[in-house]
Every structure is written in C-alpha cells, then in structure tokens.
Ligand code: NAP
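Only one chain is given next, in structure tokens, and it is the form predicted alone.
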Amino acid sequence: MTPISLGLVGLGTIARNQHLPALAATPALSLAAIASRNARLDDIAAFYDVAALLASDVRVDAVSLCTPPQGRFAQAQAALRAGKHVMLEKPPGASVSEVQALAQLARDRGVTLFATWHSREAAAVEQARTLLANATIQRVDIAWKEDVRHWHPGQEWIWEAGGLGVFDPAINALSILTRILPDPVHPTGAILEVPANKQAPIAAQMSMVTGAGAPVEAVFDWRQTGPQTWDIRVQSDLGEVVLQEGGARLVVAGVAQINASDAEYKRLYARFVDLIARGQSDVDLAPLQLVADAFLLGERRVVEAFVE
C-alpha cells in the first residue's frame, strides 16, 4: 500500500519531540514536506508557509498543523480547500465556531478533519472510561499544575488573546475528563488569575457539574516548580479511580492497574490513517467548549506580572 504523503506545518518543540518520532514510527505515512518560517529538515522539501507548500509541485495527501491556534484557521482552510486531509494539534483552534466551520468545509470537500486530543491517547484513559461507564459518579477533583517556564520558555503567543494561557495544558485534563465520564459536564463558575502584563490566565479554578449532579472541581496552575502534578480523581461506587501522570497511570481503590510509557502521538497518527481510510472525520469540541465557557463565566482576577 502506498503511504499517505504528509506535509508538516510548524517545526517547533512539539513537532520535533512528538510529531516527527511518531511519523517515523508510522509506515502508512510518509513525510514529504515541511512548512516553517524558521526551521528546516535535511532531505525534506521545505517551504515558508502552507500556502507555498500547497502551490508547489510536491505531492501531499494530508497536512498536519502544529502551529499556534491563532492563525491556524486560515492554514487549515487552505489545506481543506485544496482537497487535503487535515490533522490539528490541540487546541484545534482559537474558537469553537472556527473549528465548526472547518468541520463543515471538510464535509463539503469530502476529506478528513481530525481534531486531536493527545492526552486521550494516554495509556490508562480507555480503561478508566470502561471502568466508569456504568459507575455512579459521586465527585471528581482535578489538579493540573506545572511550570510554564519549563514547558513553554519564551513562547509569547501562549499569553496573547487566543493563546489560552494555563488552559493550554488544562485542556488536556478536560479532554480526559470528557472522555472518561459517562455523563456530560458543564461549568457553573470559574476564577481566572491573569498576570498584570498578560492577556491569558496563569492559573484558574473551575467548578463544574455532571448531568447527574455530581460536582467536578478543577485547579489549574502554571506556577508549580519541582515535581509536576497531572491528576484526576473520581469518587464513585467502585471506590476511588485515579488517573495520574497525565493519564499514564491508573489506580483503582488504592491498587495500581496501569503504569505505561508515552505513545500518545503514535496512536494519534494511527487514528488519522484509519480515519482517512474510512473517509471519516473526528472533531470533538467538548474540551474546547468547556474552556470557552470558563472564559464566559470566569471572574477575572489580576495577579502579579509574569517575568520569564
């Protein structure tokens, strides 16, 4: 079978650390071109932007976008209009409505659009989903705390409007939450702590509730140094079900069930290949909608300026 020829747009940290190794491990995909303003790869056709890539003679069947969410709509729109299958790094866009528009365009053009949530591919997420499918959820607590200076050094876009701030990592927790719970959730309130010199929050608290009335409390913080915290604790009639280390580790009623290494992006690209083969799209906007709701409902509190 001829591999799917793919163009990778954006060659920053996430592309180099995750996308390139995952592509190399996916025989059904062949990296044919790079579009990046500042970076190149040896022996791979390189272009300044996606427009130049699409206008070239290099054949690409699909495009994977690893650029910041601001401005990504135009890139995805151009690729879809050119008849290319498109994979979106998370968050899939700067707004819910723009991704909805892309989904409609993909349907109209008969191509695949895949809005990815890499944390859903963590090793323990699907088993947690299966365990909780018929459980009675009593309460959920999320603690997602990390050091922005370590994970996003010098990335100013993430502090700008549309960059999400602390919700860039927090949306990973929300993507897991909306995958494992058998009942939808909606926010009832939020507090957004915004540095005096930035547009996006450095910390946030969200109060949510499931359709059955169980409370969900989340604390997100970008100021944690030392060991990082990525935990979701679900109290249920099965006992406590805990996802740790971003979904890589599962503990049920105090007993460890899964503790596995990272293969999230390999699974994402395998899913992309499968969606293309089936002529389907996968655009679940539930995590992004929760973030949008937090900004709608959130009380904004100005905190001390952030200095890199």
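Worth saying up front: this structure is predicted, and the values here are computed from it rather than measured. The first residue of the shown sequence is 1; numbering continues from there.
Absent from the display: the form predicted in complex with this ligand. The rest refers to it.
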Just one of 198, 90, 145, 120 has a heavy atom within 4.5 angstroms of this ligand in the predicted complex, so which one? 90
Here the chain is shown alone; which of 14, 286, 297, 25 has a heavy atom within 4.5 Å of this ligand in the predicted complex? 14
With this ligand left out here, work out from 102-110, 230-238, 149-157, 201-209 which stretch has heavy atoms within 4.5 Å of it in the predicted complex. 149-157
Contact check for 7, 64 and 98 against this ligand in the predicted complex, heavy atom at 4.5 Å: no
Please check if residue 269 has a heavy atom lying within 4.5 Å of any heavy atom of this ligand in the predicted complex. no
If you check in the predicted complex, is residue 85 within 4.5 Å of this ligand, heavy atoms only? no
State yes or no: in the predicted complex, is some non-hydrogen atom of residue 52 no more than 4.5 angstroms from a non-hydrogen atom of this ligand? no
Partner proximity in the predicted complex: residue 36 to this ligand, non-hydrogen atom cutoff 4.5 Å: yes
Any residue of 258-291 with a heavy atom within 4.5 Å of this ligand in the predicted complex counts; write them all down in order. 265
